[in-house]
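Quick setup: the structure tokens below cover two forms of a single protein chain, split into structure 1 and structure 2.
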Structure 1
Amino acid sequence: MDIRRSSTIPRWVIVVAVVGAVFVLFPLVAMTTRVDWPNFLVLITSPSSVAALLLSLRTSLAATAACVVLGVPLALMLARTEFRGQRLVRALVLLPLVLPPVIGGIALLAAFGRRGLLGQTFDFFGVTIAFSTTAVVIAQTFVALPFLVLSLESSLRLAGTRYEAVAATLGARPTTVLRRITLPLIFPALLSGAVLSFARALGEFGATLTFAGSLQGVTRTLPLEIYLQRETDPDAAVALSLVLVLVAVLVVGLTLRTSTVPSLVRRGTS
């Protein structure tokens, strides 16, 4: 492998970096050797697998939309305002990044379950959230939202406020500045954050299982289907796992592609 090394990087760093890359890639390559290739299409197109995949796509798209609706204002508030307790709010918003998903599911049950703080009110009106498709979307949004907020807040701080300040001095209303200046400026970061949120929602397992359960066609997403198939049909579990890996590779590729756009946006607005 031909690697062009910078004169400021020691050779041993390159060696360790290659070992790290192999450590990540080797298990994925090894998984491809366990796939039953002659029956691959049959394994991934069984009724339960297709139902789980379609449910995962629907709920992940809905969760991504919810992340955008909630995440953009959150990122704007954290990046463009100052208030007491701001660091605490930021830490709490980003908490699902480090929180075990199962604990997130338990927290969601405490909030939206039939005996939860809000769940009791919903149940009084005949609305049940836990163990429903809505619960899947909520669980996915809970774990995926920090990815979009973190991406947008970093982009907003990097972009600065000079263009917004100029527009404001010219008499533009705050909403106009947001719509015509801020959002176009951070659109690449918004797109990248949305793609990452979609990927995180698509792969969510722990919070979904705890809060939504595993009912086929209703709450059993693709990761849950893989977990169940691992015990009954290992070949199907490996094949479906490969499908998720391919989706993840596509998502990472889209994210890297969109990350090259911000410089073009800044160049075009200067």
Structure 2
Amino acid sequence: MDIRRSSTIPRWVIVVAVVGAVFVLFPLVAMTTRVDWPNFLVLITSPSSVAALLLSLRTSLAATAACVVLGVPLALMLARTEFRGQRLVRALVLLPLVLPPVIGGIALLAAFGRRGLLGQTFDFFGVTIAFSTTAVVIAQTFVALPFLVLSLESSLRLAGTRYEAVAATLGARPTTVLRRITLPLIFPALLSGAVLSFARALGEFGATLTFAGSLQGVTRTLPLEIYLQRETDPDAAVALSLVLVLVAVLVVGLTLRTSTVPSLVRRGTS
């Protein structure tokens, strides 16, 4: 392998780095050896598989939209304001990142479940969340939101407030500054944050299982379908796992592409 290396990086770092990369990639490659290739198409096009894949894509897109709607203001508040307990709020918002998803599911039940704190209120308005696709989207949004907030907040801090200050002195109202300056400046980060959220939503399993249930076409997303197929049809489980890996690779590839687009946040001076 031809690696151009800055002379300040020791050779052993590269050796360990290669070990690390192989560590991540090898199991995924190994999985492809377990795929029942002759029946691959049949396995992944069974009605239950297709239903699970479509449901996963649908709910993940909805969750991503919810993440953007909720996450952009959240990131702005964390990056652009100062208030008492801000560090605590940030830590709490990022909590789903480190919590086992099952705990997320239990927490969501306590909040939005039929007997949860808000469940009665929703029931009153004729909205039932339990066992609905909405519950899946809620679970996915819950676990995916920190990715977007994290990505946006650091990008907002990096971009600084100077362009925004200039825009304000030019007579732009705060909403105009947000729309015409702040958002365009952090757009690459918004995009990659959204893609990451989508990927996280796509892989969501524990919280969905605990909070939403598992019913074909309604709440059984691809990870749940894989988990279930493992019981009786390991071949189908492996095939579907590969599909999920491919979608993830596609998504990550997309993020990398957007991040290599010439950075918009480059200084105006040259």
Partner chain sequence: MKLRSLPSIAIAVAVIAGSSACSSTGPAVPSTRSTAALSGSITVFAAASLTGTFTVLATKFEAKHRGTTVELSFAGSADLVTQITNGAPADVFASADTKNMTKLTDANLVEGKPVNFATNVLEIAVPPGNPASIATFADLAKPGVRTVVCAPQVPCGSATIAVEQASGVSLAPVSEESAVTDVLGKVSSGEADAGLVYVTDIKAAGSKVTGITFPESSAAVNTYPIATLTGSANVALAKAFIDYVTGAIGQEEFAAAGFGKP
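Throughout, residue numbering runs from 1 along the sequence of structure 1. Superpose the two forms; the largest set of C-alphas matching within 1.5 Å is the rigid core. Fair warning: this is a prediction, and the values are worked out from it, not measured in the lab.
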Assignment: the form predicted on its own: 1
Per-residue C-alpha change between structures 1 and 2, residue 83, threshold 2 Å, rigid core fit: no
Angstrom shift of the Cα atom of residue 125 between structures 1 and 2 (superposition on rigid core): 3.6
